[in-house]
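Next comes just one chain, in structure tokens: the form predicted alone.
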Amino acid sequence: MNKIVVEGLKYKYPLSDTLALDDLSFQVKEGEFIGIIGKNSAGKSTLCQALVGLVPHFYKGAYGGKVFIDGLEVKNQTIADISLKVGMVFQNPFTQVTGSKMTVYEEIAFGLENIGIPRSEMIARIDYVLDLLKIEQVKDQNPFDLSGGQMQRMAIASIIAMKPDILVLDEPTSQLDPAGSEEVFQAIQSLSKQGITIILAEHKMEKVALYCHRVLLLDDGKMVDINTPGKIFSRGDLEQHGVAAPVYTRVCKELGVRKAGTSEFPVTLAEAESVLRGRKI
């Protein structure tokens, strides 16, 4: 079942002469974990915003094509209606902090209060996401006293607590150290395994290769390809689109080592170890 359908999506920001999104068409099945990659200004953030209705409802401009969420066309829905199905985590967590709550616990509860979740269920949801994102120890702190990494995990927790069917994340680990990034990716993977559809714009290719089911490659607003991590990162023209393959893939390319029986290079550490085991280097 397709959870997201994009048909001929085009978008141009006001006062811009070029399309930020240029005729994109693809589908995403329920429970899929899709990575969006591309150089800066490729259109990753704009696509994320189109999937949650900020384009065209908030960011005005020239808009064409169609985006469907669960069969409902985004253009014909309000942002409030879309937010009941799709949650978005922005790159900068400051954009998601309300500023009206004194503790992390209250901040996470804010959205649940607004949609009338019963108190007992609210507590259960908050306790779950605090544990999932490893921020239970800061639940009584002021959100603005948190580190950047802790604040980002709080922002993610606030969205996950709303139980969206689809989670859109725009470079959610950009503020995190490697350990924090890994915790967030494992949490996102756990949500994917529970059936939540994940759309992730990310620059950390090793993480994309490890966790994503498919990868969408953008360049100058155009969709170059959408395929498995192995297919995408084995492309010979990847660097021409401003993207460096995972380090394991680059090493194996230099050595001319491909996965057995395929034209693909290894894209994860485990795959690289498997094909290199017993080989003299």
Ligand SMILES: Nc1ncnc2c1ncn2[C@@H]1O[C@H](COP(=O)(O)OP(=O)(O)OP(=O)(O)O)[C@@H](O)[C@H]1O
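Computed from a predicted structure; not experimentally measured. For every residue, the number given is its place in the sequence shown, counted from 1.
We do not show the form predicted together with this ligand, though everything after this point is about it.
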Partner-free chain; cross-checking this ligand in the predicted bound form, the single residue of Gln141, Ser83, Gln91, Ser147 with a heavy atom within 4.5 Å is Gln91
Mind checking whether each of Phe185, Ser192 and Tyr211 has a heavy atom within 4.5 Å of this ligand in the predicted bound form?
no
Among 225-233, 252-260, 41-49, 27-35, mark the stretch whose residues have heavy atoms within 4.5 Å of this ligand in the predicted bound form.
41-49
At 4.5 Å between heavy atoms, is Tyr59 in contact with this ligand in the predicted bound form?
yes
Residue contact check: Ala272 to this ligand in the predicted bound form, 4.5 Å heavy atom:
no
Taking heavy atoms only, is Lys163 within 4.5 angstroms of this ligand in the predicted bound form?
no
Contact between Lys75 and this ligand in the predicted bound form at 4.5 Å, heavy atoms?
no
What residues in 18-38 sit within 4.5 Å of this ligand in the predicted bound form, counting heavy atoms only?
Ala20
